[in-house]
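Below you'll find only one chain, the form predicted alone, shown as structure tokens.
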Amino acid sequence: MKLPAPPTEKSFPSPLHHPRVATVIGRWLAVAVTICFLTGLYSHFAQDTPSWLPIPSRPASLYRVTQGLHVLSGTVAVPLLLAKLWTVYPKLFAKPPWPPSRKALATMLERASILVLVSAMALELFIGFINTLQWYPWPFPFRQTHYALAWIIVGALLVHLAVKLPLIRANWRRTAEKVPDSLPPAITGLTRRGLFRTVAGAATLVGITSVGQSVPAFGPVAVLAPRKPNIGPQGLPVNRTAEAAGVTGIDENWRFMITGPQQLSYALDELRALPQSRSELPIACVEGWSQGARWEGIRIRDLLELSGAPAHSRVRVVSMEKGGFYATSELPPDFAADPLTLLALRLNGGELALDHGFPARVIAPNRPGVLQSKWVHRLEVIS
């Protein structure tokens, strides 16, 4: 019995695999990847700010917007990447060029860049999605790995675009080449327009069903979102619980300390007796969910003034949390001096719940949720 011949690139004649289709879907994917990359850079630097890049404290909801876009664009990129790979997979069956030549070298470089690009993007999107679930089954640090993979993707993408630029330019416009819209329905059953609509519809659907974790209007249909608006103690979701942080509450001997030019110490009732301020600020977490809330407490700059420190001081915030990467955090001078930045004692009209940081937490504008330290018991003026 004669075995069938192995498939070749010509075994897939459907116009849905035409370079024009790959170019159109590739443009959509490029937009999603660019938004995801730029907003991811902002998130990384907001958490680990270099001295040459000051992060402003305003607009107050900037991080909420950028991180929501980051997770949304990464989620939308999944169906776009799958569609892009489907349109070009017949290339896997193309014969490698032989004998060696300049064209062969370019083809080898292209295939190597695609291998790196697809592998890095698949891993990046996978660990990004797992991060939204707060599940970390790997031994490596998520944020640093996510950041490094982003640059690997950018490098591989630039190489890929450089090699494929002539083909992209030739198929950028609809009039580049007359391509039949579809084969007979018995063979494909789908036109190129039908494919575009299907891919765009899938990307839109996953976006709408996940964006509700940061846009409350879409909360009722946020079936893909790991967090839902208004669900949690005091109507606000919780990432890290007091139990997970090893915090069980306080006793009558608890004191809040400020170490600065003057050393100050307050019991909880004494903090409540200080002049109180209100701020309406969101909690915006790196996993992409966010929600606005009403906070009441003492302005950090007022506490600095009481201790004799300048309002534009750099402040270390120390939590009662046991272990963890964010048991301490730093407030840059602009954030410490911002009138919206509070040592919050109340949330949405009630005393802070333990899972939201009782007895006191820091809340500041335009800050990642991981830096909005909970269970705070000391402020240290460091410059």
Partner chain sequence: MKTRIGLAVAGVGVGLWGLWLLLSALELPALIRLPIWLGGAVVADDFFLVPLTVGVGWLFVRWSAGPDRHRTVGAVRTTLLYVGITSLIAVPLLLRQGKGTNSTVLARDYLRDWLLLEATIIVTGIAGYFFTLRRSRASSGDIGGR
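Residue numbers count along the first chain shown, from 1. Treat the numbers as computed from the prediction; the structure is a model and nothing was measured.
If you look for the form predicted together with its partner chain, you will not find it shown, but the lines that follow are about it.
K.L.:
To verify the annotation, which of these, 105, 223, 273, 217, has a non-hydrogen atom within 4.5 Å of its partner chain in the predicted complex?
P.N.:
Result of the distance check: 223.
K.L.:
Which one of 257, 170, 293, 92 is close to its partner chain in the predicted complex, taking close to mean a heavy atom within 4.5 Å?
P.N.:
Selected residue: 92.
K.L.:
Do heavy atoms from each of 30, 50 and 72 fall within 4.5 Å of its partner chain in the predicted complex?
P.N.:
Per the other structure, none of 30, 50 and 72 touch its partner chain.
K.L.:
Is the gap between residue 128 and its partner chain in the predicted complex 4.5 Å or less for some heavy atom pair?
P.N.:
Although its partner chain is absent here, residue 128 would stay clear of it in the predicted complex, with no heavy atoms inside 4.5 Å.
K.L.:
Looking at the partner-bound form in the predicted complex, is residue 307 within 4.5 Å of its partner chain by any heavy atom?
P.N.:
Contact check for residue 307: no, nothing within 4.5 Å of its partner chain in the predicted complex.
K.L.:
So in the predicted complex, does residue 278 come within 4.5 Å of its partner chain, heavy atom to heavy atom?
P.N.:
Result no; residue 278 lies far from its partner chain in the predicted complex.
K.L.:
With heavy atoms only and a cut-off of 4.5 Å, decide whether residue 166 touches its partner chain in the predicted complex.
P.N.:
Residue-level check for residue 166: yes, a contact with its partner chain.
K.L.:
Heavy atoms within 4.5 Å of its partner chain in the predicted complex: which stretch in 265 to 273, 245 to 253, 230 to 238, 299 to 307 meets that?
P.N.:
Answer to the contact question: 230 to 238.
K.L.:
At 4.5 Å, heavy atom to heavy atom, what parts of 124 to 148 sit next to its partner chain in the predicted complex? List them in sequence order, or say none.
P.N.:
The stretch touches the partner through 126, 129, 130, 133, 134, 135, 137, 138, 139, 140, 141, 144, 145, 147, 148.
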